[in-house]
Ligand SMILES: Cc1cc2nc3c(=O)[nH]c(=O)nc-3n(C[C@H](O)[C@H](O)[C@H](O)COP(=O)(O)OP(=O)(O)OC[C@H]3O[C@@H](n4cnc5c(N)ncnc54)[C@H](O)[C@@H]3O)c2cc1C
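The chain below stands alone, shown as structure tokens; this is the form predicted on its own.
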């Protein structure tokens, strides 16, 4: 049996595993990725990539390729609700509601102010090949598909994994200090005793991925997701959801589509392709629709969370740690953010710059965020029933009765017209919790020992879901600002790269900068320190966006972690900035420095044999 020794073994080649691989490569951490599957996803599945994910993909160098293949901004500005798509009734296909989504194609000022990266859309079936190619480029020979984990043991030195090459039937034994389980919960969790619990079987869904020309029946070229509230079938989830998949044209002229339909959990028709296709054609209202079907898949909406995100030397991320309903697009994005949160910590621990306690902050920080994302996703799925309630639609009513419920929307002379319009408008507006959840997807915050509370009043959001409010309070993401040095303009967040900390001092905070540089040299830490202000500083705050949000004086300082999160803030100067920063980094990195300046790094905690 061949043997291989690597610091990190990644099991799983989806969004989480491939992001972890790219991030570790950018941090210079040697690793091996294995996936049991012969290739990347064959299903379109997740598709919206939020601003935080695109910042991460920018840092690892794959964002440009994603933007090139993804939906043009003008074709993903909105989502829409329609009275079915086609049919005999005079109102078929009419618009019920139209809502801005995902920052309206990067025209919403709040989204522009939040990040230099716009939200984009690329189905997983086309995203993952890009991620895989980039991961292979960064780590040649060590991203191996069709390699299955068949055995795993933990000991005091880490893990020993047995990997089967499914192409050659050869077996490889891999010794690794850490293992990242990004396998969707299929193998590693059951071996080490970590399970996913929560709500299962919420809604049974069938998805049809097809090539079809639907342009004769569609309008609203700016809409990405179409909710077909077909009165003949009783309402929104009972009708279907139509999502454009490109790949060369988007909007109404998309060549490929995915149509999602809800089924009763015990409906045998969900397992019969011919019945599924017949219902899809009937729901769309085009009985002779010519479609090339690529794949029909049946799946359950669920909201489950792993009971542990770490088990000794094993870490869980992506679908191995949490699974969400797709409503809100938080699943894939959460997986990307998991990987990004963990990898910089692993790199510092493996380099002997941080203690094992830093790795415990992965669960402390990500588990609450992922739990909140699950709750939001379930809430989003249920919220669509408000559309049916506002329209008074029901699958128990006849098609004629349901159509009669809709007609007051377009005929002011009918009884209850104003009330029905008002109820529908309110129901559509409530969907902003899914399509404008900027604070959920971008403004989430961390609490752990790698974040030092500055004693300032707790953050009270104006709207906990929809409104992201930039802040430098420790635990918040670094606010976005464009800054200049010698005429070169850069995004402040872009200065965070390759595991680097930022020490950002006010215009008169030179003592902090000197202290940070001394600390970096003494400990060999990757710290970039500079002053930032309106004048007489290293970087110039050209648009005063930083001044608006920094909340420190000209003599204050902010310490930013390599994942763009604020770890520490001092509003003013400090009598001994060198000692203060040493203490700050001790806490962030979970180390202790002796009086003589020597550093004690805690070894990984004891592990149990399994």
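Residue numbers count along the first chain shown, from 1. All values reported here derive from a predicted model rather than from experimental measurement.
In what follows, reference is made to the form predicted together with this ligand, a form of this protein that is not presented.
Contact with this ligand in the predicted bound form, defined as a heavy atom within 4.5 Å, is made by all three of 17, 35 and 147. Note that among 266-274, 414-422, 310-318, 362-370, the stretch whose heavy atoms approach this ligand to within 4.5 Å in the predicted bound form is 310-318. This ligand in the predicted bound form comes within 4.5 Å of a heavy atom belonging to residue 11.
In the predicted bound form, this ligand sits within 4.5 Å of a heavy atom belonging to residue 128.
Proximity of residue 531 to this ligand in the predicted bound form falls outside the 4.5 Å heavy atom cutoff. By the criterion of a heavy atom within 4.5 Å, residue 561 is excluded from the residues contacting this ligand in the predicted bound form. Proximity to this ligand in the predicted bound form, defined as a heavy atom within 4.5 Å, holds among 52, 31, 550, 45 only for 45.
With the partner omitted here, the residue from 505, 330, 135, 229 that has a non-hydrogen atom within 4.5 angstroms of this ligand in the predicted bound form is 330. If you take 200-229 and check each residue for a heavy atom within 4.5 Å of this ligand in the predicted bound form, you get just 207.
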